[in-house]
Structure formats: C-alpha cells, structure tokens
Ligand code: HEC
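Encoded as structure tokens, the following chain is the form predicted alone, with no partner shown.
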C-alpha cells in the first residue's frame, strides 16, 4: 500500500473510531507491519552519538524545541536534527518545507528516566523511515521496538501507562501533513514565543540560527525579517490557537485526509488561522449524548463544547487526541476553558464585531 493510500485509510479509521467509540490504537495496531526500509537495530547505530559509550551527541546533530509541543502525559523531551553535509531545507513554501534526502530526526521521551527515542530518516525513494527505540532500565542502551509497538511499556510520572507507538501510529499522524515532519517549521522554531517548554535553552536552536547556518534556504523575506507569530486578538487566544495547531492540526487541517470534516485547526503562515471559523458555532459530527445539538465550540460554554469535552477526557470513547496520551493536559484544558468562557462569550464577540465595523 502506497503512503498516501495508507494515510487516507488511517484517517478514515480514526474518524470511524471517534464515531463508534472504539479506541483508535486497536484498529491501527491490527494493521501493523511494513515492507519498507528497515531502521538500525540499536539507537547508537543511527548516528545520534559521537561516542555511544558516553552518549555524547554528535557535533553535526543540532538540538531544537518547538514552541507548541505535542502533549505526551508530561514527558520531558529532547529533539535533534541532522542534515547531510552541504544540504539544506527548501523553505520557499513556509507551510510545507521540503527536506533533503538523508535528513534524520530524533525525539527522546523521559519521566524519572528515559523511556524511548523516536527516529525518522528520509530515504532516497522519498519515504520516511519511522522507528522507536526503547531504553533499558539502566539507561545504557536503546533497542528497536517491534513495528506493532508496545502498549503499557512503562509508567508515566502520574502512574498512567506509557505506550510505545507502532510504525502505523506514527504514520497516521505524520502523513496528514505535506512534509511529514511535525514540530520543525517556521512557526514552531520562531523566536516570538508565547508558550515555552522547559529545556536546555543554550543548546536548542531557533529559526534564525538554522537560517544563519545555511540549513534553511529560500524562506520568504517577511519571515526572515520578522519572527513568525500566530495572529490573534489576545495572548491567551494566541496560546490556544498554538496549542490546537501543535496537538490537533496534524489530523485536522484543510489539506490532509480529514479535510472533508471542515475542521481546520492548523495555523498557516500563508493563510492565517481558520480555527475559530471552522469550530465556533459549527455543528459537530461527534454528538454529546446529553445535548440535542452538539457544536464544536459553544461561545461562553466550555462544557457544552465538543472540542473542550474531548480534550478534557481520556475515556477512549471520547478522548482527543485519539493516540499517545492517557493523562489530561490540565493546564491546556484550563487555558481553552478560559478562552471559550471569557474571550468567546457572546457579549465579547459582539463587542469585537462592533469594533471591527467601526474601524471600517
């Protein structure tokens, strides 16, 4: 099955799971297995380390951190990228970067200890290799996980199970976007940040750093001269739209397999955000049992809003995102609640509309 065919099938399965209340990983894992290129058996063989015995990162492997990270039950993360010598990323389309063949990315997950490192590499056939390496309890080595993944491989800090994704879990999320790389983009690397994840600020590079090193070329001039930022009516709304972009837009966008749903939570540097237009006051296909009419977001009423209810739950019949999390992101839920209740209250929206009319 070609990558695009699998993407459409996986997306359809995710929608079906959400409608029928079937945990998505059950359906996706049933199809696990791939005939594509194989990843090395050990993490140390991928080239991440200059010295595997001390786990010193190679000098041509650079650290970065997205400003709107994907929530993974409070796991600490570190991320790195390597480009082949002399190559660069074509950023002429600011929303769909083209990565050179041989690009490698790593993402490490840790709670009290490191538990996994995910790996991607772009092959000469234009397909990305996806792999996950599971760390030994003593932290000395990490070995390739089964393609079907490992459910409940360890526990998160809260005691909830931590799942190692299958290869098809990875593809179901990553192949909903043009480049397949999530978290490494003009917006995510921008220095104009409204949401920060704890990390090693001295080692982690941002957009300007990669441009200066020649790793990113042909980025439109406007984004070189002014750091990209989400246009919003308030800092809170900017943070909410960023959270939705980082956690939901890999599936819910206008270009991927789920575009027919009409829910676009992606922030586009070329087109701006359609999140408010496609969610506020829009009827949802997912119905809340106690409501006669379910809307994605009901202004002023978080608990009547399908989007809020789904990000607030880890019931497998209700939760969103459908994969990769067993613990609610309480900080994000509170942020979204305040945005719906206060910023989107009917009176506030009416005032904003009147203000815009006067400005015309």
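Just so it is clear, the model here is predicted, and its values are computed rather than measured. Residue numbers count along the first chain shown, from 1.
The following text describes the form predicted together with this ligand, which does not appear among the structures shown.
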Choose one stretch from 150-158, 269-277, 233-241, 171-179: the one whose residues place a heavy atom within 4.5 angstroms of this ligand in the model of the complex. 171-179
Residue 183 within 4.5 Å of this ligand in the model of the complex, heavy atoms: yes
Partner proximity in the model of the complex: residue 321 to this ligand, non-hydrogen atom cutoff 4.5 Å: yes
Distance check, residue 66 to this ligand in the model of the complex, heavy atom within 4.5 Å: yes
Would residue 261 count as a contact of this ligand in the model of the complex, using a 4.5 angstroms cut-off between non-hydrogen atoms? yes
Looking at 82, 114, 107, 162, which has any heavy atom no more than 4.5 Å from this ligand in the model of the complex? 107
Among 70, 48, 39, 298, just one has a heavy atom within 4.5 Å of this ligand in the model of the complex, namely 70
Tell me whether 130, 252 and 265, taken together, all sit within 4.5 Å of this ligand in the model of the complex, counting heavy atoms only. yes
